[in-house]
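Quick heads-up: it's one chain on its own, the form predicted alone, in structure tokens.
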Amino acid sequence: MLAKRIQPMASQAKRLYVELMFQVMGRALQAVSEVDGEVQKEAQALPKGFLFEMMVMPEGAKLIVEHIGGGRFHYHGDSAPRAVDVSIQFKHLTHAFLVLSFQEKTSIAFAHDRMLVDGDVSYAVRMTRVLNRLESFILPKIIAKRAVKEYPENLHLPEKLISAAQIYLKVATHFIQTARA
């Protein structure tokens, strides 16, 4: 009987965690595009107005960011102003939880057919590189190495700490501004 009550609570906790992580990641994508030249360079190859979505199927949590030009992203929350150009979709909440709790790399989840891409695959790969760069900044190295396909060898501690502090400050500021609105 207890197991029947715990299971929905665990599922609810996973759902809330994934929703929170998407909010943090969306804001962090906007922030990293404001502070990191390599992310800006990756993003500049995307067309202005490009909309990227990451979501849990079928109607679960999502994040949407737009390339607003100059290698910068704008976080739209979970609602797109128009049809998205690329969507990376987790097939199940558990799959999203594994990736967003850094138990499984995105590349491994994709290889195990736990997610799919709707849209131009080359843009999805570019966005995955941006996400990997973001995770390399904001996660401790030991966790980032578990989360990203390849940890950047040229990312040294001073740069990592300064960039992470800037990103976290911008994310916190965005959360505060959103709460006041």
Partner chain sequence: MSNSYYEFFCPVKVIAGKAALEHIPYELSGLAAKRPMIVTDKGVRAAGLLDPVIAACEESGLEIISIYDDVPPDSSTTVVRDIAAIYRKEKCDSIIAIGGGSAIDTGKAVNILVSEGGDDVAKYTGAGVIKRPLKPFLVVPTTAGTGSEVTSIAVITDEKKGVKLPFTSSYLLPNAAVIDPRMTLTLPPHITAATAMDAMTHAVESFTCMAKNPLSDAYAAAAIKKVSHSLLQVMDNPKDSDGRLELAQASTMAGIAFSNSMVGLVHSLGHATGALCHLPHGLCMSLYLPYVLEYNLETIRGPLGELLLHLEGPEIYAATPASRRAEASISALRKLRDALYKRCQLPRTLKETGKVTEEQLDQIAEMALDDGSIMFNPKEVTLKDARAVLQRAWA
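Nothing here was measured: the structure is a model prediction, and the numbers come from that model. Positions refer to the first chain, counted from 1.
Keep in mind the form predicted in complex with the partner chain is missing from the figure; the text below concerns it.
A.B. asks: Does any part of residue 94 reach within 4.5 Å of the partner chain in the model of the complex? Heavy atoms only, please.
C.D. replies: No - in the model of the complex, heavy atoms of residue 94 and the partner chain never come within 4.5 Å of each other.
A.B. asks: Check residue 68 for me: does it contact the partner chain in the model of the complex (non-hydrogen atoms, 4.5 angstroms)?
C.D. replies: Heavy-atom contact with the partner chain at 4.5 Å: absent for residue 68.
A.B. asks: Does the partner chain get within 4.5 angstroms of any non-hydrogen atom of residue 132 in the model of the complex?
C.D. replies: Taking the distances in the model of the complex, the answer for residue 132 is yes, it comes within 4.5 Å of the partner chain.
A.B. asks: Using a 4.5 Å heavy atom cut-off, state whether residue 83 contacts the partner chain in the model of the complex.
C.D. replies: Flag for residue 83 set to no.
A.B. asks: Have a look at 47 to 55, 23 to 31, 60 to 68, 119 to 127 and name the one stretch with heavy atoms inside 4.5 Å of the partner chain in the model of the complex.
C.D. replies: Selected range: 119 to 127.
A.B. asks: Along 82 to 119, which positions have a non-hydrogen atom within 4.5 Å of the partner chain in the model of the complex?
C.D. replies: Counting only heavy atoms within 4.5 Å of the partner chain in the model of the complex, the contacting residues of 82 to 119 are 91, 103, 104, 107, 108, 110, 111, 112, 113, 114, 117, 118.
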